[in-house]
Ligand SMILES: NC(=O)c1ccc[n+]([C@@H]2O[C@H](COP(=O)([O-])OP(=O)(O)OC[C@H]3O[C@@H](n4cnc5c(N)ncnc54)[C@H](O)[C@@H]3O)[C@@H](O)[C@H]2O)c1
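This document opens with one chain alone, in C-alpha cells, the form predicted on its own.
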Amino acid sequence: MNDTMTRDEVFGGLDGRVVLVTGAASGIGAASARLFRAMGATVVGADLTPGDGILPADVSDPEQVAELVEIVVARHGRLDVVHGNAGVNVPGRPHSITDDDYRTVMGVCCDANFYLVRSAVPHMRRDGGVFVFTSSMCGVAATPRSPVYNMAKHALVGLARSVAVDYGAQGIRAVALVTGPTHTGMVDELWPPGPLRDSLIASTAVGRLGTPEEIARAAVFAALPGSSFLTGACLTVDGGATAGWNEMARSMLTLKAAT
C-alpha cells in the first residue's frame, strides 16, 4: 500500500453489492441494514415483522429461507453478503427447557444460518461472497440459564469455520461476530434494570452496554472487499467483556441459585 491511496481504496466500498440481513426490523439487524446502505449496498431485510424494505420470513423454516434467497436474486441479479443476525433466547436451565423452547432457539439462532448458507452459496460460487453471523460471547463461553442459546451461538462459530474451509477457494468468506452486552430489545427484556443487568454492564471493560451501531460497524467491516483475508474467524466486539465473563457468571449463578 502506498501513501497516496485514498480511504476508499484501502477499505473498499460496497457499491453494486447486494446484502441480505435477517432480523432486520430492530436492534443490530436494523443498524446493520442502515450502515450497509450508507456504504452503497443494496439491502434486503428479512424479519418476522415486515416493514419498509423488509420481507416477511420465518428464517427457522428452510423453505422460507430458500424462497427468500431466490426473491433477492430474482430482484437484484446477485447476492454478495448475508448477515445472519436473527436471534432469540429462552432462559432456563437444561432441565426446565421444553421441546418447543429448544426448537425455537435452535431454529432461529442456528438452523436458520445453515439454511442461509445452503441457499446462498450456489449464487455466490461464481463471484464470491461473505457470510457474517451474529454469534455472541455465548459462542465462546457459556452464560448461566441459556443452555440452548449457548449451543446455538457456539455452532455459529463452527459454521463460519466450515464455510471458510469448504468455499474459500471460490472466494466465499465467513466471519462470526462475538458480540458483547448490547443495548437491544432482547437485552431489555431478558436483563431489566436490577442486579443481573448491573453485573452484565460490570463485565465490560468500558463499563456500559454496546450499541447496535457499534456491532453493525463490525459486520460491515467483515464484509468489505478490503477484509478479504478475514475468514473462518471470530471478530470480537464486546467492550472487553470476555475478560470479565467468569466474574459475571459467578454473580449470575449466585443470584439465580434458587430458581
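Please read these numbers as outputs of a predicted model, since none were measured by experiment. For every residue, the number given is its place in the sequence shown, counted from 1.
Although not depicted, the form predicted in complex with the named molecule is the subject of the following passage.
The partner is not drawn, yet in the model of the complex one stretch among 94-102, 116-124, 179-187, 71-79 has residues with heavy atoms inside 4.5 Å of the named molecule: 179-187.
Only one of the listed residues (Ala152, Ala86, Val130, Ala160) places a non-hydrogen atom within 4.5 angstroms of the named molecule in the model of the complex, and that residue is Ala86. For the chain shown alone, Gly45 is not a contact residue for the named molecule in the model of the complex, no non-hydrogen atom being within 4.5 angstroms. Looking at Ala57, you'd find a heavy atom of it within 4.5 angstroms of the named molecule in the model of the complex. In the model of the complex, Ser26 approaches the named molecule with a heavy atom inside 4.5 Å. At the 4.5 Å threshold, heavy atoms of Val108 reach the named molecule in the model of the complex. If you take 109-134 and check each residue for a heavy atom within 4.5 Å of the named molecule in the model of the complex, you get just Thr134.
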